[in-house]
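Just the one chain here, laid out as structure tokens, in the form predicted alone.
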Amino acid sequence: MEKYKKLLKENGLKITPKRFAIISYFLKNNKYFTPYEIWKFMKKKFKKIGLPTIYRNLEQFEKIGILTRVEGEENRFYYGICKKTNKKHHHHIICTSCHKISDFEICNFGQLKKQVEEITEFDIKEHHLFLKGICQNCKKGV
């Protein structure tokens, strides 16, 4: 949790009880959630919290690298904790069964980038890779 507090401070964001609760919830569950699911959880702890507050915090957390945003079922956005807070280039893999999210640093995008640029005549400036699959626990039926 200390690295997330440090990220908040470094980016000029106060460490409030609500922000602390949101980050703790993601760390505890290690899954991705919709903003609405986070809001439902937070309503139990904080009576006066609106959905716009949740959206604002999730967007700020994504911007500074605490959370990652993925597009899921029905074109909805989901957020999950990003454990690589050192700004090192990495990607995410998501279990489509239990919604667990993991980070990995393998990336050999170079050759594909060259091919895509030749075909499309675009200059690619960045990329994000989200893989979906079934985690070990779900494969085992745990």
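Definition used throughout: the rigid core is the maximal C-alpha set that superposes within 1.5 Å between two forms. In this text, residue numbers run from 1 along the sequence as written. A quick note: this is a predicted structure, and the numbers were derived from the prediction, not measured.
There is also a form predicted together with another copy of the chain; it is not shown, and the following applies to it.
**Student:** Even though another copy of the chain is not shown here, does residue 120 get within 4.5 Å of it in the model of the complex, heavy atoms only?
**Tutor:** Yes.
**Student:** According to a 4.5 angstroms non-hydrogen atom cut-off, is residue 36 in contact with another copy of the chain in the model of the complex?
**Tutor:** No, residue 36 sits far enough from another copy of the chain in the model of the complex that none of its heavy atoms falls within 4.5 Å.
**Student:** Heavy atoms within 4.5 Å of another copy of the chain in the model of the complex: does residue 27 have any?
**Tutor:** Close contact is absent here: in the model of the complex, residue 27 is far from another copy of the chain, nothing within 4.5 Å, heavy atoms only.
**Student:** Mark residue 135 yes when one of its heavy atoms lies within 4.5 Å of a heavy atom of another copy of the chain in the model of the complex, and no otherwise.
**Tutor:** Output for residue 135 is yes: heavy atoms within 4.5 Å of another copy of the chain.
**Student:** Scan 13-30 and write down, in order along the chain, each residue with a heavy atom lying within 4.5 Å of another copy of the chain in the model of the complex.
**Tutor:** Counting only heavy atoms within 4.5 Å of another copy of the chain in the model of the complex, no residue of 13-30 makes contact.
**Student:** Is residue 120 among the residues whose Cα moves by 2 Å or more between the shown form and the other one after superposition of the rigid core?
**Tutor:** Result for residue 120: yes, a 2 Å-plus shift.
**Student:** How about residue 111 - superposed on the rigid core, does its CA move between the shown form and the other one by 2 Å or more?
**Tutor:** Result for residue 111: yes, a 2 Å-plus shift.
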